[in-house]
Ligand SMILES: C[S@@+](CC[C@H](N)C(=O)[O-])C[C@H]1O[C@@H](n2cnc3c(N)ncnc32)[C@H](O)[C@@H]1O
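This document starts with one chain, in the form predicted alone, laid out as structure tokens.
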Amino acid sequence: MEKGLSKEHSAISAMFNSIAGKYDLLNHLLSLGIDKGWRRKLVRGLKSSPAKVILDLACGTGDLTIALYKNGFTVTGADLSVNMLQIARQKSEKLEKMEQPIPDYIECSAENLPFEDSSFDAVTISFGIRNFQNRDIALQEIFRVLKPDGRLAILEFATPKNWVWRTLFNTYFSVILPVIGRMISKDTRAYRYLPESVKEFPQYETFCKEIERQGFNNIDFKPLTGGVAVLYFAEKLG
């Protein structure tokens, strides 16, 4: 676990429960709406594969889960936060019905998934894996529930390598974002935790090696918006 940051399930759940009501507003506001484009890139990456049944881990209020559903996937969302899941269910109930069932949502930890082996064609995580208490165990669980030739797709924040982007990013993330987040959400912890958790998280090639150690192959990553976010893909070879 990263030094100085509590990743206990109860702490993470309590933090996201407290900001659930303002989460969507702040996500889109603080990212200037760019986060929607990042998710579209992840979805496009999966549409080029034969994946049909997907587990969206750390699904939060369901933005990625719903985007996957709208693109024809059968999706299950999973998260620790009851309040976030409640909002995801409410959003999903308003969806236009398609051939596949609307997303199902389950409260659970990524380190103890209540699914049988080889249950999913793909597993996705959008800006959530840095909050996992034990990433190695979570990645082992993901590997277990993936079918042979299944894919893992992860979106996560990173620190840009270019010094200009890095300076702008650090100023915004460490100074401006916490102030706006605190004003709107009334939570002093969550938007202070965000830049700290990004800073502590392994990035780029380092995170790829972490994924590889758990048995994944064909690991690749693509920096987005100057490296503010990174899209990782990996496969469980059959």
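In this text, residue numbers run from 1 along the sequence as written. Just so you know, these numbers come straight off a predicted model, no measurement behind them.
The same protein has a further form, the form predicted in complex with this ligand, not shown here; the description that follows concerns it.
Three-residue candidate spot Glu111, Ser126 and Phe132; every residue lies within 4.5 angstroms of this ligand in the predicted complex by at least one non-hydrogen atom. Shown alone here, His9 lies within 4.5 Å of this ligand in the predicted complex, counting heavy atoms only. Taking the partner from elsewhere, Met84 is found to have a heavy atom lying within 4.5 Å of this ligand in the predicted complex. This ligand in the predicted complex comes within 4.5 Å of a heavy atom belonging to Leu80. Leu68 falls outside the set of residues with a heavy atom inside 4.5 Å of this ligand in the predicted complex. Note on the partner interface in the predicted complex: the residue among Lys52, Arg39, Arg192, Lys199 having a heavy atom within 4.5 angstroms of this ligand is Arg39. The contact residue chosen from Leu46, Ile211, Leu26, Ala58 relative to this ligand in the predicted complex is Ala58, the criterion being a non-hydrogen atom within 4.5 angstroms. Comment: 102-110 is the region of 68-76, 102-110, 145-153, 161-169 lying near this ligand in the predicted complex, near meaning a non-hydrogen atom within 4.5 Å.
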